[in-house]
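Here you get one chain, nothing else, as structure tokens; it is the form predicted alone.
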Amino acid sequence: MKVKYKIILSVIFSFLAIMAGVGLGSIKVPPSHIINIIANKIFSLPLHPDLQSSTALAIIWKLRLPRTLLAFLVGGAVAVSGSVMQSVLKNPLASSYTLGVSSGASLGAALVIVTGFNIPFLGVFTLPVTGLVFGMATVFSAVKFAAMMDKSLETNTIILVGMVFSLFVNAILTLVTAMARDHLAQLTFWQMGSFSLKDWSNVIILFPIVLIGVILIQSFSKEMDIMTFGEDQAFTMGVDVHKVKWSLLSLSAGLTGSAISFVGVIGFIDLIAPHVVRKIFGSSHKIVIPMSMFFGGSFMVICDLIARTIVSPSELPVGAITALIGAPFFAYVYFSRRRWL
């Protein structure tokens, strides 16, 4: 099948996943009504008579649609980040989490939750902003330390230093959690991730961050393709490997940090999506990056749908669903790779 047909099918799949995420639940709403509600809110078109006095209008517009779109943005962001990390670090099991972004974000969020710290002009966004700052600080510290130890910024050095920083920050997080037992449930739930009680403000803030981040990463697609042949080869072809590495690591960490700061730590999407996309579309980053966005976003929407409906009216942390699917996939990738070494 030609690549353009695969792309069209992927876009259709994403649209269907979003429709399912918005329409399914305790109250089922058909796609035609969903489109009618969106058209009414955006273009002031008349509502269908069945929706005039229906609670479906409020449920779709105020609850499910922003939640589903946020899930798509978060899934797409971490998937793109994962595809970049796997390419730059030449490791199929690498991700932004490898460099400690999740550990740093979790620590920042934990400190806000435990202390009740609040920045007046940020209000409810104090927690996500703090999580983002701590996550990015951890990544930059790890990469900076790796550069001090190894000026050529070798891949193995980055991964090992990232793991050390991640373990160190996790140790601090464990101490904070142990000393704040009253907040244990809230801390645990945040670290498992959830899209519950999210509204349009989260979507409006995250959308431009993800859009700009993906566009900037896409602009490095040619350099990433060249770097797959080896860093020495890339250098002889005119690629400033050190600069490109710094830029891509920063952008991918920023994408992941921004995404998880709103909803908590959600793993394995950044591992699964890039592998599936490369299997279907090949290794060209010009296609891998945008398709990772679509596949990761769709997969996250489906996982969130399962999390909120499988034990309805209760809700599971979406991170538990992605882990149940991702952990076996992680094992498959690792052991299949070893078998061919």
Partner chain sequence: MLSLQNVNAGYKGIDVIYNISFSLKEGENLCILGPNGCGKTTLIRAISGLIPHEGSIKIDGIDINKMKRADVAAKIAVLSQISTIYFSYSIYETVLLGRYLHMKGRTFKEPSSKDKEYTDKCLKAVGLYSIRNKQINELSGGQLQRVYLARTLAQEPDIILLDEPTNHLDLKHQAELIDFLRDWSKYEGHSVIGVMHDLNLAIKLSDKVLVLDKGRMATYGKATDVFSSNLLNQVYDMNITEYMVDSLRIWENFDHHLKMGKLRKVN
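Just so it is clear, the structure is predicted and the values come from calculations on it, not from any experiment. Positions refer to the first chain, counted from 1.
FYI, the form predicted in complex with its partner chain isn't displayed, but the following is about it.
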query: Triplet 28, 69 and 309 all within 4.5 Å of its partner chain in the predicted bound form via a heavy atom; finding: no
query: Residue 106, heavy atom within 4.5 angstroms of its partner chain in the predicted bound form; finding: no
query: Exercise: residue 242 in contact with its partner chain in the predicted bound form, heavy atom 4.5 Å; finding: no
query: Distance check, residue 144 to its partner chain in the predicted bound form, heavy atom within 4.5 Å; finding: no
query: 4.5 angstroms heavy atom contact with its partner chain in the predicted bound form for residue 226; finding: yes
query: Sole residue of 130, 98, 86, 138 within 4.5 Å of its partner chain in the predicted bound form, by heavy atom; finding: 86
query: Candidate from 123, 116, 208, 238 lying within 4.5 Å of its partner chain in the predicted bound form - any heavy atom; finding: 238
query: Residue stretch of 41 to 49, 309 to 317, 54 to 62, 276 to 284 approaching its partner chain in the predicted bound form, non-hydrogen atom distance within 4.5 Å; finding: 276 to 284
